[in-house]
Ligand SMILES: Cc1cc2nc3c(=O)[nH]c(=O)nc-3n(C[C@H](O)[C@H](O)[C@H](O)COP(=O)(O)OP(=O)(O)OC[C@H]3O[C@@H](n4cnc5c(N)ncnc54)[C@H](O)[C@@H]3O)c2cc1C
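Here's a solo chain for you in structure tokens, the form predicted on its own.
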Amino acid sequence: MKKLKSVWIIAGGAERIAELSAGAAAWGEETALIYAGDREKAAGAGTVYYLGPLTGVSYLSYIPAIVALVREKQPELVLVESSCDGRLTAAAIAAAVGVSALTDIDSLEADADGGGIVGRRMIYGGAAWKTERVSGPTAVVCVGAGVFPPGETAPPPGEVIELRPEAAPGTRLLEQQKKPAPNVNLPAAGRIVGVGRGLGTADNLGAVRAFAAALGAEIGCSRPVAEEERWLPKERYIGVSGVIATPEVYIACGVSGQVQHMAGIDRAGVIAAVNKDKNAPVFRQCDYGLVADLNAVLPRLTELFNRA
């Protein structure tokens, strides 16, 4: 693949900066990061444009400065983390440069006919794929977790340019509440135990945690577990609009196997499933399946792995 001259990334947390930096380095000869937040995390690219801290100011107030910088420098590709702030920023940049932003992208490639970026994403809840092409002076792409190989750490920047723009009028920060930092990095996990609503209740998560510990695995979940039942945080949701995971081994526990979830782990090396419903769709997609009651099976499996 012929590299683009300039690829920029816009991200907040250290893990996403490291991942998007790896993607930018694969795509571009020159890389840059636009960043607002803790100064010490301003790393991961050849050039870092540091906007300033987020103390007492909303990220939204920096968006006009970000748009102006992109319009001035005209990078060929801007990779934006798929967060609430990231999507708003991507939309503003795309509107300013006259293109459509690509969102929920599963993979990227250069247009074989010359010029432009081609992105592929799932639609209809993962039942189909859609290919989209964007061309113009700047392509804008929102990238979810797991699309690029996970970067362990963001490399030190070659240059840090402190912009410190004035906060744009019209947005006033009323309150800030610190969100607990996620303690999971599913895109980098080699083994994952997935939890579905077939687990029954949140009280049964203890058996899942013990099983995952015996395997040395992270815990992921289906969307209903995170967003409806709220048994686990959203950072652990695997699926079309969640994390795209590529573990060596994925064990689905009480996961029915709906397409929107399975699309998030279809790159797994081996998929195993435990479900008491013999007709669950997951059994049509797994390499190994066990029709059984999780509450009876998991403690026995945990004991076996602990002995190994």
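By rigid core we mean the largest C-alpha set that fits within 1.5 Å across both forms. In this text, residue numbers run from 1 along the sequence as written. The structure displayed is predicted, hence computed values, not measured ones.
Although it is not shown, the form predicted in complex with this ligand is what the next lines describe.
- The partner is absent here; in the predicted bound form, the one residue of Gly28, Gly37, Gly257, Gly46 having a heavy atom within 4.5 Å of this ligand is Gly257.
- Under a 4.5 angstroms non-hydrogen atom cutoff, this ligand in the predicted bound form has Val240 among its neighbouring residues.
- None of the heavy atoms of Leu51 is located within 4.5 Å of this ligand in the predicted bound form.
- Within 4.5 Å of some heavy atom of this ligand in the predicted bound form lies at least one heavy atom of Ala280.
- Although the partner is absent from this view, Arg197 contacts this ligand in the predicted bound form, with a non-hydrogen atom inside 4.5 angstroms.
- Heavy atoms within 4.5 Å of this ligand in the predicted bound form belong, among the stretches 72-80, 217-225, 128-136, 167-175, to residues of 217-225.
- Contacts to this ligand in the predicted bound form (heavy atom within 4.5 Å) from stretch 276-308: Lys276, Asp277, Ala280, Ala292, Asp293, Leu294, Asn295.
- For Ser241, the Cα coordinates differ by 2 angstroms or more between the shown form and the other one after the core has been superposed.
- In the core-superposed comparison between the shown form and the other one, the C-alpha atom of Gly254 has shifted by at least 2 angstroms.
- Core-superposed comparison between the shown form and the other one: the Cα of Glu162 travels less than 2 Å.
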